[in-house]
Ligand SMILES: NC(=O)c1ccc[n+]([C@@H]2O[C@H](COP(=O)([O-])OP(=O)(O)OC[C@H]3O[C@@H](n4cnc5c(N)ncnc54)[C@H](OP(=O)(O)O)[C@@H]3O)[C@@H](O)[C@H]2O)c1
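One chain follows as structure tokens, the form predicted on its own.
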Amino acid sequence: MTYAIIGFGKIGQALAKAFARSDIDVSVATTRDPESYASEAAAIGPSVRPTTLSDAIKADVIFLAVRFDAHRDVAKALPDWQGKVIVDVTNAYGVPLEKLGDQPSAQVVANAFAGGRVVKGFNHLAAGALEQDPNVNGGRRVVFLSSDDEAAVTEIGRLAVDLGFAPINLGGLSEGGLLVQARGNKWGHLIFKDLVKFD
């Protein structure tokens, strides 16, 4: 299984740190030349590899860590995302509801990535929390996941465990997705809830 993070701002870098902590290889890409952020990637760890967008989208699992408005530009990079898992880490705060067609923001993303298997996840944590070690006082930091594809959400749940997190499946995009999204000027009820699960 291969992994890529598209977007290398605060959230993208926080995700990269999670991969580096677990020594799991991950490619990172933006629309910029990889050399422009190579030193930042190297500072995170040797398992974090800067690459081009065209190479990053070859990965099996792609974390979409760009501004919400930029998701359509990424989606255009492939005519068909068949079989790929896209983890939607975006938030649509400030995006007018009419632009979302009264749909959950994750459904809008899913519509753009034709053939892709979209999982909403990792977006409810602020970058400062996401980049920290998820092992907290003997428990594990919670990440909420939501998808209409049961196999995809199970796959990302296993990855979350490998990264040290405690995944909680909230159900489909139109159910759980509403709890962990920002739409218009409102936050979902679980946004910024930094929870720890004890086994």
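All of these numbers come straight from a predicted model, not from anything done at the bench. Position 1 is the first residue in the sequence shown; the rest follow in order.
There is also a form predicted in complex with the ligand; it is not shown, and the following applies to it.
Chemist: Quick one: find which of 156-164, 170-178, 142-150, 62-70 has residues within 4.5 Å of the ligand in the model of the complex by heavy atom distance.
Modeler: Residues of 62-70 come within 4.5 Å of the partner.
Chemist: Contact between Thr51 and the ligand in the model of the complex at 4.5 Å, heavy atoms?
Modeler: So Thr51 does not count as contacting the ligand.
Chemist: Mark Ala127 yes when one of its heavy atoms lies within 4.5 Å of a heavy atom of the ligand in the model of the complex, and no otherwise.
Modeler: So Ala127 counts as contacting the ligand.
Chemist: Within 4.5 Å, heavy atoms only: does Asn91 come near the ligand in the model of the complex?
Modeler: Asn91: contacts the ligand in the model of the complex.
Chemist: Looking at the partner-bound form in the model of the complex, is Ser105 within 4.5 Å of the ligand by any heavy atom?
Modeler: No - in the model of the complex, heavy atoms of Ser105 and the ligand never come within 4.5 Å of each other.
Chemist: Any residue of 129-153 with a heavy atom within 4.5 Å of the ligand in the model of the complex counts; write them all down in order.
Modeler: Residues within 4.5 Å: none in this stretch.
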